[in-house]
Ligand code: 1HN
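Shown next as structure tokens: one chain only, the form predicted alone.
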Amino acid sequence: MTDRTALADAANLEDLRELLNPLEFMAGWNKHEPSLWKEPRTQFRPFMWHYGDAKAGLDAAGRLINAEQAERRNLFMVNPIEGNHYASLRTLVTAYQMILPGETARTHRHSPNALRLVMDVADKCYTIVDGIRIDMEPGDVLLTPGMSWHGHGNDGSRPGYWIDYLDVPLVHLLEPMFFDLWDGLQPVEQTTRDHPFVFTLASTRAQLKDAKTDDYGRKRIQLDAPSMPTTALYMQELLAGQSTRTLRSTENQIISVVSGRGTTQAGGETFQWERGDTIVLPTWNAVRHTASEDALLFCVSDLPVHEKLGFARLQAED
């Protein structure tokens, strides 16, 4: 039992600290580090991965490991900060994935929300989400809401490549993780490309034609995805020679290049990108995009989480 009399009668702060330590109290006047600061700060770094590197690595993996052994043949983009072995950003993770002709990636489901941007696929490469088969085409954005059954297959003649995005790190922080496996691939109940879980490149470009440039120099549309409560999805168009304003935002963002070339300045670094490359932009870094040729950028952001909690803030630097 605690000697509360000794605790109450502590002669000095050092004695009080010694008595509090076994009780797992920490004195607020003696914190190891501040718990509040003037503006957002993060350990995560702006960083970029190249699609060409990922394809080469996945092609090698295709020779060395099959889909059954790997569950999914993917290369996670791990932010290069000390002690991190998985997350791309505090709340998000992204990965390049490949499936060989004749392969299937068995059906499973999990608490985290997931989606993918299709890069290069042959005909008859598909995903099945809750029994709905959606044949993939380059530029598609395909949704897999949390706890939706999903698996993939490739009946085509070439490997299929895409980029995955998940809110797994957020679920790790909050800890409500569930994961279930299906025995093989879920049977197909319907085949369609007209479904709320798929946004085609053609439909995206059609919407961008009518989009107006906002006050921050961004001509972009938000993909209507109410089934994805933790992420906002945007397609942004930049014409050759065009730049956005320099912006700071509380959100964490993953940017993947659907087409074109250009540069992104973030956190004091400049990244030169082309089709398929992926950049992560942690909270409150000053960010500016410039296109050297007409470009289309896909953005996955945790902005809805910030908005729901009242934390969202956007600030122009120029």
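None of these values were measured; they are calculated from a predicted model. All residue numbers are counted from 1 along the displayed sequence.
Another form, the form predicted together with the ligand, is not on view; read the next lines as being about it.
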{"item": "Site test, 110, 116 and 166 vs the ligand in the predicted bound form, non-hydrogen atom cutoff 4.5 Å", "value": "yes"}
{"item": "Residue among 124, 193, 248, 72 with a heavy atom within 4.5 Å of the ligand in the predicted bound form", "value": "72"}
{"item": "Residue among 178, 86, 182, 216 with a heavy atom within 4.5 Å of the ligand in the predicted bound form", "value": "86"}
{"item": "Partner-proximal stretch of 72 to 80, 195 to 203, 153 to 161, 216 to 224 relative to the ligand in the predicted bound form, 4.5 angstroms, heavy atom", "value": "72 to 80"}
{"item": "Partner proximity in the predicted bound form: residue 186 to the ligand, non-hydrogen atom cutoff 4.5 Å", "value": "no"}
{"item": "Contact of residue 97 with the ligand in the predicted bound form (heavy atom, 4.5 Å)", "value": "yes"}
